[in-house]
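Heads up, the chain below is alone and in the form predicted alone; it's given as structure tokens.
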Amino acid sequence: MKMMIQTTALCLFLLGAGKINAEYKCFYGNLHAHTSYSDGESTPDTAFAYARDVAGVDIQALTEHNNGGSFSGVSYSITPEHYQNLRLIADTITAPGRFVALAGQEVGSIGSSGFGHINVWEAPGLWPYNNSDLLGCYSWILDQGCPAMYCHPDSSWNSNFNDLYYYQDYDRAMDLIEIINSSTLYEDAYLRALERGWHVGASANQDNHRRDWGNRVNSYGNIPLTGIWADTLTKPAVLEALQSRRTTAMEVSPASDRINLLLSVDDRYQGEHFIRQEGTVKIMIQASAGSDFASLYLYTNGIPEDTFKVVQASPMVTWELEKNIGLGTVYYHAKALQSDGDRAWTSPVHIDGVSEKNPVVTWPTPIKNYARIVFTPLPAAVSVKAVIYDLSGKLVKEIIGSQPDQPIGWNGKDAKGRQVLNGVYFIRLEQKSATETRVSLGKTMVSR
């Protein structure tokens, strides 16, 4: 089943002064940093105050190492007492509308038996670490209900999370991935994570270990920052935005520059995942900053298929285009290039396409190891269930959807956890709202 994508219209508008019209505002943060509570300098109160008053960022996270080990006699692990004190300091210094301080921890290991480093923000306690247990880490993150991020995902030094292997059961555990960490670019890992199946958003951070929280200049003369699109500058709103992947990764120079880069598809913002009927979608990319833009790019399934070269450089650009989508899954993300060479990336928008003739489909088809059961959502649905049968009509498995408007995952196994045989299977999709029950039928094939 191949996704058919076609550009059908393209236009560009260069706008004058003003700000992007959206229900969210972009706040700027540094989500990866350390103090003497693990292997950095100074103390959390000093770090938060510096980020707020000197660096001028809206959000600063301190993600102290919680993964054991030491280097040059410095411990990598924050103590439980220090972590609870960090949480207290972060809550105390947070001022709604002015500044948000996040307490975090960096778990995992980049040693020979480790899986990499993951940042987790605002968990109530420390991870009881086992640096070789990636799946256990994913499970713990899900239990905490807190946002998490892949840090410096580099396969050359064993920080690649089992080569970013996609585990459907843990998809909701991971929210962001670093495209930039200090002076290193990890754009290839971002694209690979999306290609593997992860629904992760874009982030860029400084990984501070010195007294430069929020305004660390990397070796290229840029400052990495994460734009976080939230309705208010409050801790709950910021955490919700991180878990919704409503983010933009950027590098800025001069230090005062800030990039607003927002992607919407049918008025659904970056980070969203939705189902819709096949047909035309309207895409809008809005960019504004203190410096001029040279180019905008739209990536389709990880490939930069559409490019707009800004003929007359402008600090504010809006690009609108339309795409035709068919059955299956497609994802879009945008990238901006400024005239001075600075770059920014949005998180993706994921779309699952269905049709009236095929109201229930799986992606991929045929199924090898796992698939998403995709369907036309019932408005105001409160529950959804997929019942799978084999060709003889025998019940194979019932799966309750975790969200009534999102695809249902199936790992190709029956109710007893055994892999099903190759062949055709029928799907009975049951959706319920307060006033209606809808039953839709579909079929798929398993071929390993």
Partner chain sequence: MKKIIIISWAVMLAQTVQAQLLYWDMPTTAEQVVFGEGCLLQSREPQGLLQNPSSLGFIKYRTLSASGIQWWQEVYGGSASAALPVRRYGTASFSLGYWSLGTVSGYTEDGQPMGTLQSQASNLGLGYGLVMADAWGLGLNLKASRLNLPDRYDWGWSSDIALMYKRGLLSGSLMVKDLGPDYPRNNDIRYPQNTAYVAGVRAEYLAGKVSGSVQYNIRKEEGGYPSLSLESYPLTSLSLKIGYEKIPELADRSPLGLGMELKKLGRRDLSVAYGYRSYGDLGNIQALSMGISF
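Residue numbers count along the first chain shown, from 1. Remember, predicted model here, so these are calculated numbers, not experimental data.
Form predicted in complex with its partner chain: not shown, discussed below.
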Looking at heavy atoms inside 4.5 Å, which stretch does its partner chain contact in the predicted complex, given the options 376-384, 414-422, 28-36, 43-51? 414-422
Taking heavy atoms and a 4.5 Å cut-off, does residue 114 contact its partner chain in the predicted complex? no
Although its partner chain is absent from this view, report whether residue 327 comes within 4.5 Å of it in the predicted complex, heavy atoms only. yes
Closest heavy atom of residue 333 to its partner chain in the predicted complex, within 4.5 Å or not? no
Would residue 323 count as a contact of its partner chain in the predicted complex, using a 4.5 angstroms cut-off between non-hydrogen atoms? no
Its partner chain isn't shown here, but in the predicted complex which of 183, 232, 162, 365 has a heavy atom within 4.5 Å of it? 365
Identify which of 349, 86, 241, 361 has a heavy atom within 4.5 Å of its partner chain in the predicted complex; exactly one of them does. 361
Looking at its partner chain in the predicted complex, do all three of 78, 129 and 142 come within 4.5 Å of it through at least one heavy atom? no
Contacts from 391-410 to its partner chain in the predicted complex (any heavy atom within 4.5 Å), listed N to C, are 391, 392, 393, 394, 395
Direction of the Cα shift between residue 411 and residue 303 in the predicted complex, where the change is 3 Å or more: farther
Your call: residue 142 and residue 411 CA atoms, closer or farther in the predicted complex versus the shown structure, by 3 Å or more? closer
